[in-house]
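Heads up, the chain below is alone and in the form predicted on its own; it's given as structure tokens.
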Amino acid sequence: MQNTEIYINELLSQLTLEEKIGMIHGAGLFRTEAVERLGIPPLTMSDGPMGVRAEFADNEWRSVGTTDDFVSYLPCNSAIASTWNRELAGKAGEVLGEEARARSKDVILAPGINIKRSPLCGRNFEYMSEDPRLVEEMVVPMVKGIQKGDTAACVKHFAANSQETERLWVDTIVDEQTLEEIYFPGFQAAVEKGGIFSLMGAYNLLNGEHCCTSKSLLNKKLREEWKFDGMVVSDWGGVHDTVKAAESGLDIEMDVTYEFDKHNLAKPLLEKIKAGELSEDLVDEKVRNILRLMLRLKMIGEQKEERKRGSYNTKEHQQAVLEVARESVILLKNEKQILPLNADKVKKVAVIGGNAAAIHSNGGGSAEIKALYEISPLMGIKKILGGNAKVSYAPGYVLPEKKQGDGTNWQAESTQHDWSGERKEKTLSAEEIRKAEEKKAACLKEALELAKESDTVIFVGGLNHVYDVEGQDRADMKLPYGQDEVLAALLKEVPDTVVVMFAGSPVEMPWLSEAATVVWSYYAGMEGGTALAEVLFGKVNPSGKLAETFIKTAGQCPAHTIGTFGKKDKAEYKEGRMVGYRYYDTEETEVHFCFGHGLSYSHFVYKDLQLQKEGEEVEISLTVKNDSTVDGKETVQIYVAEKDAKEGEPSHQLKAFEKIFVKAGEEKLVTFVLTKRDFSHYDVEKHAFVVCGGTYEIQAGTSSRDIFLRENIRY
């Protein structure tokens, strides 16, 4: 470490002020300036969480890639979290890191780990969970996986960034305890356990300070308390003040605009330093962090020749993507045991719903990529059944025609103060309305006729990246395009219809009581259709679990009923720590599907819960038996309930989990270790986590509401 800092200081002493300024702001849309005379390359970055983004021109939002920037399309972070599999999170990270390196990127702007406070947030598909412990456990292996390839992970968006409405100017008001227990843990784990090399600030203000230039957030919390010595980059266009940016723990300012010399940390900062208004030492500290990052990535220094070259679009990557997708599929309901379907007996299949044939990789905002390929659900089903079954497709509802662009890029406009990004509905004439209704009726009729003449009906609907998208939040949880009406008619005609939802966020399900079989898939990457079909036809035993609660309507969400969401001036987190299942389980809210829920084709039995306290640690053990004829994977979840809790505390909280493979008829012993932190609350007076002491109930189950074993312990 000492030699590293000596090397950094030697380089720093040779840099001119102008050269240092060039290193701390964008000199292209996704790069900083190089200092060629000293062998310092530009730092090159790229979106995003689902794959390396297409190549853009250096100074305008224009795609310049030909056929060389197609990449592997990864499952979204919501899908990765739904596997509850740390190893697969690491594999996904490795794919992302290797592909970024092979595309000559130094920093991949991923993963996104903001807490899912409301189901309406437009970027929820980019995030992992409503629960901080699950985020902590999944982000660490993902970060380590990315950075194995000599690529920096860049965890985002720090912090409390949970809405897209007025995202650059909304002031997020959150109390200290809530920040420490809910919104900070994932970032802290990425820094302290994951060893992350870089971090991105959020667009929003937090308690009155813009996150990208917040001294309390970047200087005090991140740098001083968490000892982070990596690089901090702004979100593109997230800096609004030169002095605040210079004095904060921010290292690099990036923007969506092309006038790079006008960035706050460019010419305006240079002029203030030359005028004696700001110290050059502030710039030196930023450059030190950048050089330290470059050393870690082997971009400079003695190990430069040893830097990994990366790889992309390999068979190994495609296999890893498929493995993640398989375990991300969630079987929500299987009342009549209709699933798994028998590929040998199915002869005539009706596949209905727009998402059966849709491609999702090319949308979502900065998450969009050019996928080498994408297997749709329809193709996945056809691949499994082959030529011995007839598979017919009908959308069932009318999908709007894609509008041709006007030549402008949404990202170039997205940081304008008056930009809303809202979907503009065209006003239709009476004649246009009549024709639209006729088309709608014809689509439904075609689907129903196809369903009636088939022996198996699979509906694949949900959302798309018109709704799951950066820059705007959803107005409600309703399914678009009249899908509820189609489903109601379809289930009335064919009650055994298998309902599949492809989406990035929960949706209302007014037809749920009529549907015996419901399967959920987040945007699951290039092999998503393959994985879904394998689950439907029993080649894969489903093992995905919900990383968020599926409520019935957004009106049940405490972010809306207690706090505020979607307002342009302030987002007040008055619900505090009562986010997701913490609120719903405590209040016994009637939901569609609880946190942690996910069915299997196997049946698991839990028994023999044992607790042993050794010093400050509590060892938990239990046995899980696969009481079925099908091998399967189960995620054992451990919750802690504080029996002497004060009013307003969550009824229980997830503290540990483990995903295990259990063969048919086999029993497996599972052990966990809880630490002092698992029995602590954040004390705002002491500014530290403290144990209140008392009796705690240790709960073991398969979801937050399916608790099979309980045992008390004093701590």
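All values derive from a computational prediction rather than experimental measurement. Sequential numbering from 1, following the sequence displayed.
The same protein has a further form, the form predicted in complex with a small molecule, not shown here; the description that follows concerns it.
- Contact with the small molecule in the predicted complex, defined as a heavy atom within 4.5 Å, holds for exactly one of 633, 597, 167, 474, namely 167.
- Between the options 123, 545, 360, 117, the residue in contact with the small molecule in the predicted complex by a heavy atom within 4.5 angstroms is 123.
- This chain is displayed without the small molecule, yet in the predicted complex the stretch 230 to 238 from 281 to 289, 230 to 238, 549 to 557, 260 to 268 comes within 4.5 Å of it by heavy atoms.
- Residue 47 belongs to the set of residues with a heavy atom inside 4.5 Å of the small molecule in the predicted complex.
- Though the partner is left out of this view, residue 470 does reach within 4.5 Å of the small molecule in the predicted complex, counting heavy atoms only.
- Shown alone here, residue 219 lies farther than 4.5 Å from the small molecule in the predicted complex, counting heavy atoms only.
- Contact annotation: residue 584 falls outside 4.5 Å of the small molecule in the predicted complex, judged by heavy atom distances.
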